[in-house]
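Before any questions on how it binds or moves, here is one chain, the form predicted alone, in structure tokens.
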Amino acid sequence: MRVHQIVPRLDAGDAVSNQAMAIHTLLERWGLESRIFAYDMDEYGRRYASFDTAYREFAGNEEDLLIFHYALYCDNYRYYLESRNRKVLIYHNITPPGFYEYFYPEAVRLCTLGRDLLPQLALCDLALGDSDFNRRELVEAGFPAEKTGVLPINPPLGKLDGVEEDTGLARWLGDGRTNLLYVGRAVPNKKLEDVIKLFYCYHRGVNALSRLVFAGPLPVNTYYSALLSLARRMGIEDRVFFLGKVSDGGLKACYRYSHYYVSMSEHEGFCVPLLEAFHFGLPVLAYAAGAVPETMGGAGVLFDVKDFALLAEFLDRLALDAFLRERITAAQWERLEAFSEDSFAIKLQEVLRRVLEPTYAEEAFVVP
């Protein structure tokens, strides 16, 4: 039996791409024929994927299994609809378009198309969210609840451990200042303006020897301009740094030499950087929205009111109370056990057993 995966893009460092690769690696380890097809890809993706047009060759085989990753509106959904393979949908969530309304009209259009399309994808053997938050959205969109489930992201948390860190960035971040970090795209649902407001309270009222670091892609649109304008109006533009997309070595330096990780996002389908911050021992403060509480699983510091002054004082307490900080980071490290490779292998095997004949599944899949 062959297993095919279709993704919108296969790119280095992308969460959906990492999920597809984790599945691909396990399938090959279990001796199955596995392929990935993508609408587009970077240099990394070209090593593992074919363009999605090549999937047509396999679309008519009823014995094959198709895993379709749905994370944004992309024309390759047509292959999913037309395929005669057994079908598994993995829903990574699509941001509600209202977040983009004042900043990015094209994103409003694409997010609207993406969310409107979701009910049309309900005819499948199994539909999975990478969080229960996403699974519930599937049910709300008309997917039968008994044909849904959860397959959490399998973040490659150890990937950065073997990478040589960016020494220049490490020297800059390690100059004695306190670094607050956010990792991810600069898009409106992430509410980076609220991270800046928290930093303003911390920098002005608690610790003037501090900086705020954003590491992640910077789309050229009015939202990024609005963030720069906000920092300028607050008089902290020389302490707020947008690094853009950084290399693996740069990302490792950001995590290793930062002191706190802050998320103010108001819509998350999973949020891998929270777990990366756990892995590197940064106390995580995160707004309890979307799948964030589920991903953190009781670890880190969750809040449901954005009281910036109070949060700034709490950061100060963490600096003074080593025992409290250690309790938080220890709980975060323990939480990572739920996202180990072995745990993911067991959950993937459970998923495959739901769509394959029991006898074949028992013979074909062995948890390593």
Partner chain sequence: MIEVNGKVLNEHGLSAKADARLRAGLYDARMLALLQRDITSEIEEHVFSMIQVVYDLQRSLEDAGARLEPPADLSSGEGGAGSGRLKPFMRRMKTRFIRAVNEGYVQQQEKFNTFFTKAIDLSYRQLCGAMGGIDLEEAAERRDLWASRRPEWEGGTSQAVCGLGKDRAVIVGIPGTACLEAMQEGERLLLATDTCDSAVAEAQARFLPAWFHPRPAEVLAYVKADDLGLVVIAFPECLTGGEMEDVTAWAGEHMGEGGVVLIALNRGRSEVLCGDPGFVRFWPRRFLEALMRRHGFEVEGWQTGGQAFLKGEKGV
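Numbering follows the first chain given and starts at 1. Quick caveat, the model's predicted, so the values are computed rather than measured.
One more form of this protein exists, namely the form predicted in complex with the partner chain; it is left out here, but the text below deals with it.
For the three marked residues, Asp11, Arg86 and Tyr261, no heavy atom of any sits within 4.5 Å of the partner chain in the predicted complex. At a distance threshold of 4.5 angstroms between non-hydrogen atoms, Gly298 is in contact with the partner chain in the predicted complex.
Although the partner is absent here, Arg327 is a contact residue: one of its heavy atoms lies within 4.5 angstroms of the partner chain in the predicted complex. Though the partner is left out of this view, Val108 does reach within 4.5 Å of the partner chain in the predicted complex, counting heavy atoms only. Not displayed here, the partner chain is kept clear of Thr167 by more than 4.5 Å at the level of heavy atoms in the predicted complex. Though the partner chain is absent from this view, in the predicted complex it lies within 4.5 Å of a heavy atom of just one residue from Leu160, Val246, Ala122, Cys201, which is Cys201.
This chain is displayed alone, yet in the predicted complex one of Phe143, Tyr255, Phe270, Tyr223 has a heavy atom within 4.5 Å of the partner chain; that residue is Tyr223. Looking at 178-186, 108-116, 88-96, 126-134, the stretch with residues near the partner chain in the predicted complex, meaning non-hydrogen atoms within 4.5 angstroms, turns out to be 108-116.
Along 187-207, a non-hydrogen atom within 4.5 Å of the partner chain in the predicted complex is carried by Glu193, Lys197, Tyr200, Cys201, Arg204, Gly205, Val206, in order along the sequence.
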